[in-house]
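The chain that follows stands alone, in the form predicted alone, written as structure tokens.
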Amino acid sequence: MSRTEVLAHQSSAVGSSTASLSYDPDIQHCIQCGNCSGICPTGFAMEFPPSKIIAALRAGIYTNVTKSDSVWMCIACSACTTACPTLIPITELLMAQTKEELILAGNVPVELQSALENSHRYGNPMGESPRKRAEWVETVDFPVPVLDKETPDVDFLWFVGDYGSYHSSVIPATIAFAKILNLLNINFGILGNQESSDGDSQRLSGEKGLFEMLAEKNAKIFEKFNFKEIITTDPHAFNAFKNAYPEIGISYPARHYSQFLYEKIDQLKPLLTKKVNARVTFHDPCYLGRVNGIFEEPRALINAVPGVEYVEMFHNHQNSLCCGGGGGGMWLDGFQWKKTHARSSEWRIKEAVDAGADIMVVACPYEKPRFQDAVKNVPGAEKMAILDLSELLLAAME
């Protein structure tokens, strides 16, 4: 199996139980090179980074790992999986299952526990009412079809996601993409209040049972409507639909919106008539780029905007730094700050400053609020704009 296949299909490892983790053939392939621990952005703060967890398994002292809170420093960025010379799916096979053990033992940071409880009770980690999920639709002056008995058939089902539906910093990006879909005359619909969290970050936080509950709930709603494909503005939802849902028997064709818009680039270009005179860089989302191999489509769309001077940050493509929000990181910020007094989002903004960027473009709803907070704390970043890819494209349209 190639490294790309390991990253794209590592979710298949979730099926094995933690009890048999030490005997898993993939784990036994470990050569204790330490690459996984060395490349981990938060490994310096871990009592048990990945290589030490494997060593503890082999030594029969895995209970020492589960007594520590070390694993909660993992942000599931999959850098360890990328660096493994024996292609062990570390993020899914080792880290997620170790988190599952800690949850069973009650060794869970309070803020993560709250997000998981909210996901179970409300269908989203923020604890927002499901009835408010589509409130943003009422603020726009163009049609955003919500699927129901009267509108059961569309070409594309847009899965908006939790942060795209509720977070005040992300809703402008949601509206921008909706407007672009209208300008392109796309036959689409959203689920509105019927949508639940995709569950991928909850799964990577060790809550496999919660993930399956959310996935099955979404699947029952999907069955009510007719559509050709799911489009999502969240790489974590894209990863769920592409890799994790099929593992539990739920299969629908899905694409990230950057792939979808790239396919429409010839229709988009005539609409991009307004110059954006700025130096622009792109942050590769872990679950778009490193895990699923989508790197060039967002860059091609950015470079289609007139006036843009594209600049690359030092860490890019497969070696991109994580924003720190994935795998439950969005719900562990306080815990991780106490441990390290550092944030990977600020490291990333420093790289954007070094690259001379005026605008950092993102393509994941976790990233915009994290980077907007980070620019306030990084010298030289005060005037840097954080824009979703859809917002940049819409800014270039008259």
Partner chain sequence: MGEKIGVYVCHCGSNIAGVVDVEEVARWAKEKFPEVTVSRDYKFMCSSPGQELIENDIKDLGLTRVVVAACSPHLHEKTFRGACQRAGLNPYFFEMASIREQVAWVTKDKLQATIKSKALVDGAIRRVINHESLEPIKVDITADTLIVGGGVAGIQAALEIADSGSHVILVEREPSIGGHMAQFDKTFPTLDCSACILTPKMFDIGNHPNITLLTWSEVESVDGYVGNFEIKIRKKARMVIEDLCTGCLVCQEKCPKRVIDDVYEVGMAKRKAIYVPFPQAVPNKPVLDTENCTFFQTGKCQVCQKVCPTGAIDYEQKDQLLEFKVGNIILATGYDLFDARRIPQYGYGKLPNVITSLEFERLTNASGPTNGEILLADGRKPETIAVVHCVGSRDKNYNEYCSSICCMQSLKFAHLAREKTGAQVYNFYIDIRTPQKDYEEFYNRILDEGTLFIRGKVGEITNIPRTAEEEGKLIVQAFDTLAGIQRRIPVDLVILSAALEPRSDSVEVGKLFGIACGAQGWMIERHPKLDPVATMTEGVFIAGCAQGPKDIPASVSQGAAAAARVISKIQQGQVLLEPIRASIDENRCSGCRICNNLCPFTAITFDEIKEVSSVNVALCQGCGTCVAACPAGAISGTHYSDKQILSQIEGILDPALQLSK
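Quantities reported herein were computed from a predicted structural model and do not represent experimental measurements. Positions refer to the first chain, counted from 1.
Only in words, not in the display: the form predicted together with its partner chain, which the text now covers.
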Legend entry - in the model of the complex, the one of 152, 85, 253, 249 near its partner chain [non-hydrogen atom within 4.5 angstroms]: 85
Inset, instruction - Could you work out which of 217, 315, 299, 167 is the residue within 4.5 angstroms of its partner chain in the model of the complex, going by heavy atoms? - result: 315
Legend entry - Three-residue site 171, 172 and 179 fully in contact with its partner chain in the model of the complex at 4.5 Å by heavy atom: no
Inset, instruction - Pick the stretch from 46-54, 332-340, 365-373, 64-72 whose residues have a heavy atom within 4.5 Å of its partner chain in the model of the complex. - result: 46-54
Inset, instruction - Verify the contact flag for residue 34: yes if a non-hydrogen atom of it lies within 4.5 Å of a non-hydrogen atom of its partner chain in the model of the complex, no if not. - result: yes
Legend entry - Contact flag, residue 29 vs its partner chain in the model of the complex, heavy atom cut 4.5 Å: yes
Legend entry - Contact test in the model of the complex: residue 353 vs its partner chain, heavy atoms, 4.5 Å: no
Inset, instruction - Spell out, yes or no, whether the shortest heavy atom distance between residue 273 and its partner chain in the model of the complex is within 4.5 Å. - result: no
